[in-house]
Each structure stands twice: as structure tokens, then as C-alpha cells.
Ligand SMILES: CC(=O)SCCNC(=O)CCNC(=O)[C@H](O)C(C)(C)COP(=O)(O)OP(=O)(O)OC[C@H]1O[C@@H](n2cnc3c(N)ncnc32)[C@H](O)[C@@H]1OP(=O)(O)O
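There is one chain below, alone, in C-alpha cells, taken in the form predicted alone.
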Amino acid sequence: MTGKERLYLFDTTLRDGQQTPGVDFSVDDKIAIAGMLDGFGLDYVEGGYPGANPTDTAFFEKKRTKQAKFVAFGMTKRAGVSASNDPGLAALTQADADAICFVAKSWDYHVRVALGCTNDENLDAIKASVEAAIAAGKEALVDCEHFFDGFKANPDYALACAKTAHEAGARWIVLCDTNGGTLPSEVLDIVGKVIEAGVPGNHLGIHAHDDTGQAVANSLAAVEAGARQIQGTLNGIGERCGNADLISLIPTLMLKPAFAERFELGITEDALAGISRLSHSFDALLNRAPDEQAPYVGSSAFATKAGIHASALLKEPETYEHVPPETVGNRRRVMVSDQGGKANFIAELKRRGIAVGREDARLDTLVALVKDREAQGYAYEGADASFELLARQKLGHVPDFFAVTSFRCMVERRFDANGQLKSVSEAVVKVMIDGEEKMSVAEGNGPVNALDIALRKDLGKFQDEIEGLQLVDYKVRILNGGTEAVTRVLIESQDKDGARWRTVGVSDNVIDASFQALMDSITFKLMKNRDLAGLVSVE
């Protein structure tokens, strides 16, 4: 027993995050993200709104987490309809989830305008919905929407909503700053008054939006006032200006004495050391560049230019670092030093079963090569398989499975027999295996698909080993302007066992970049089959 109070983390990336402009998760995306969150140690993973759309309905066909509580989100029952006859409520109680998070109006203005019912009918809906969830064997949570604005307008009614949820048996009553305009001092005061009114802090949560740039500060203020659950998203994504960023909150809670000495989370120190990788992997999945100045995990978070700062940092890192960068999986960047990042490389290689000493000249070669390639546009944070292949090539051994001697790709736009305009892609790939050259030709839905099919069409003695291998995601990012721009291609592959990995290619030709990533993917699969790669330890 540590004697510390437990704080609980509730992730809403798969629901709030999907409201981010430009973000649209597929079912496969949601499965991958849920696995990332579950493995990291989050207490709750909210998956979305079953019944509201085909994606969320399919996602809730089975439970998607092993450790975290899997949460379905939805509205309380409608006014004038019994709980047993409300189809929306039925979809929630029948979902394969551990818990249900109900969103409930707690501002009387919204009850009147948005719901069009009486205040008492809204309270009855909260009570009946919570009771229905509990009767279905689910843990019940209630997000009191617009709570802070509602409290400022009519504190008695806002409190009545929170107390009704608590008295009905809700495990968590979450106070939401839905418009994102509340200040930390107000959060501190209002959460304290809710606790004084009879809703205990160990049943209170905070859900903050970032419209004033203070979602993280508001979340910490709620904890100071007594709340013991925090809701947020990966990298702070969400509608409008986003939600509270769990990537910033978690290190603060675990590393800053003001919180670390009082509270504990369900996240280990080893997991915390992987938080930079989690953040960057999520950005890679979204096909966007990581925020270089993001707290804790940004590439500039521990970067110092030449001058007095760098001089002091080299003598004593604490002079300009508020926490050691390795505690969050980041690395110190001192522009006048070529030693930055060695420890991080050693740790990353160790995770993959590759032992290398700090003084090994091959390590210096690898560090220099990665830095050079990153300058060209490669990004290995989101391409785990390509990084491992590169490391094993320089530090270990990668067998010569096959060598591509040439490839050609043609795209033809023509009218078919029915007079319909269509584009056809054809690829020719020549592969050398054990001194024998094989040529494969394939058509596909675009040049990359054609190349993928042709490359995997005949690998001789290795053909059976790649059965079931498929490309499940393909992302292109332009690194500079113009039609002659350098392009980065990120490919995600999956084998028949369900294992996934990402590979990267960079070129001023998008087809060439794609082909690099495809070749890495197949090589990684062949290595994985021989237990020569893909043995990353789980944190």
C-alpha cells in the first residue's frame, strides 16, 4: 500500500477525437487505437456511440480492450418514453461494453431549448438511465454536459442533476466544461461546492475542452479541488480547439511532486517512458506531423541551441530541464553535441532484443544514419518495422531473401467496352532469388496496388510465408511544395495472425517511395517468421 489516493484516467479519443475536423476513424483504426490505449494502462477507453453509425456499431460487436474498462457512450433516455421502450438506451445496454457513459443536460437553458422538456423530466431521465445501466450489469457514468455554465446560471439545478446521478448509483459524475470557457479558478471553486453539496470527490470527474487553452490547467484544478477522474484525449484532439491532452496530463501527474506525492495512476514508470512513442504513433496513424513543441513529447521539448543554455545543460542537465527526458521517452537535443540520443537508441534497441554497447562503433554509425535519413524526410517514430530492419542491417544480420532488380509501372486511362472512362494500372517486377530471376506482372486499382500484387505474386520458396499478408493502410505526406516535392509514404501491413507493423519510404517519386515501404514490409515479415525481428517487449 502506498497511502496515495488513486486517480482514474478516462480516454475519449475514439469519441471526442472523431469530432476533430479532418479526422474520421475506420473500424480498423479504432481497434488499433483501443489496443494502444489499453496497453498503455488507461483505466477507461470510451469507444463511441453504438447504434449511432455503422462504424461505432461494428466496433461494439465485441469488447476491444483486455485491461481497461470498455465504455459505450450515449444519451439518457428520451422524455416521455420509458427506459424499457427507448431504442437508444437499449443499444447501449446491449453493447458488449463494461460501462455506459450517459451525456445528460445539466444547464436548465439546454433542457428547455435542446431537449424541450421540463427540468423534472430531465432529472427522471438521468435517474432511469443510470438504473437501467446498472440493471444490465454495466458500470454507469454520467457526463453532466455544460455543467460549469449551468452552475453559474442556476447552481441549484446543476447540483440537482449531479446529485440525482449519484443517488441513482452512478460510479462517476463527470463535470463537463463543454464550451471550454471556464477558468481554473472557477473550476476549483465550483468543484469544491459540488463536494460540499454532497457528491463525494471520489465519484467526481472532469471533462475539459480547450477553447481558452486551459483544458489541462482546468483538469488539474479539478483534481486539486477533489475530483478523482480525468477525461481527455491523445494529443488533445477533439472538436473546435480540442480536449484536455492526456499526453501532457499524465507526465505532470506522475512526475510533479505536487501530484505524484499524493496520487497514483494505473500507469507504470516503464509505460510512461513510452509516452512519446504513443503520441507520435498516434500522429502517424492520423497522417499528420507531430507537434514539435508539444510538452514532454515534442522534438523540441528538450532541445537547446548553442550558447549559454547549451553550455550549462552539458554540465548539469537540470539547469534547463524540468524533468529528465528519458522518463517520457524523449531525448535531449543539444545542437553542438553529437552524443544526443545515444541512450535513447540503446533503450529502443534493447526493447527489440538487440544488445549494443555505448562505445560500439556500429551504434555511432546507426545514430548518424538515422539522423541523416530523418533530414531526408524519413520518420521512424511511426515506422517501427523499417527502423528495426535498418538497425539489424547495421548492428546484426538481415538475410538476403530477395533482391528487386527492376520494376516498371504504367497507368493507362481509357474507355472500356461499355464506353465508361476508367484508369488501369499495370506493374512489372523482376526479383532475384537464389540467383534465379523471376518476373511478375499484375494489374491493380492504382499503381501502388499493382506493385504490391506483382511483388508478392512469386517469391519462389518464400511464397507460402507471405500468404495472408495484406496492406491495411497507406498514407502519403508531401514534405515540401510543388509537383516535384519529396514524398513520404507510410504503409501499415498485417499478417494472418493479426500482427501489424509499419514501414516507410521517402523519394521525390511517390511510386518509388511506396515500393521502398512495400519491400521493407515483406522483408520484415520474413524476418518475423524466423524470430529475427518483431520481438518488441510489451510495456
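Residue indices: 1-based, along the sequence shown. Quantities reported herein were computed from a predicted structural model and do not represent experimental measurements.
Absent from the display: the form predicted in complex with the named molecule. The rest refers to it.
Undergrad: Looking at 351-359, 422-430, 99-107, 163-171, which one sits within 4.5 Å of the named molecule in the predicted bound form if you count heavy atoms only?
TA: Answer to the contact question: 99-107.
Undergrad: Check for me: heavy atom within 4.5 Å of the named molecule in the predicted bound form, for each of Lys342, Ala379 and Asp520, yes or no.
TA: No residue of the spot touches the named molecule in the predicted bound form.
Undergrad: If you check Leu115, Leu286, Ala271, Ala301 against the named molecule in the predicted bound form, which one has a heavy atom within 4.5 Å?
TA: Exactly one residue meets the criterion: Leu115.
Undergrad: Of Ile267, Val398, Leu366, Met75, which residue is found within 4.5 angstroms of the named molecule in the predicted bound form when only non-hydrogen atoms are counted?
TA: Filtering the options by heavy-atom distance leaves Met75.
Undergrad: Does the 4.5 Å heavy atom contact test between Ala58 and the named molecule in the predicted bound form come out positive?
TA: Although the named molecule is absent here, Ala58 would stay clear of it in the predicted bound form, with no heavy atoms inside 4.5 Å.
Undergrad: Though only this chain appears here, would Ala52 touch the named molecule in the predicted bound form if you measure heavy atom gaps against 4.5 Å?
TA: Ala52: yes, in contact with the named molecule in the predicted bound form.
Undergrad: Report yes if any heavy atom of Glu239 sits within 4.5 Å of a heavy atom of the named molecule in the predicted bound form; otherwise report no.
TA: The answer is yes: Glu239 has a heavy atom within 4.5 Å of the named molecule.
Undergrad: Is Lys525 close enough to the named molecule in the predicted bound form to count, meaning some heavy atom within 4.5 Å?
TA: Residue-level check for Lys525: no, no contact with the named molecule.
Undergrad: Which residues in 140-155 have a heavy atom within 4.5 Å of the named molecule in the predicted bound form?
TA: The stretch touches the partner through Glu145 alone.
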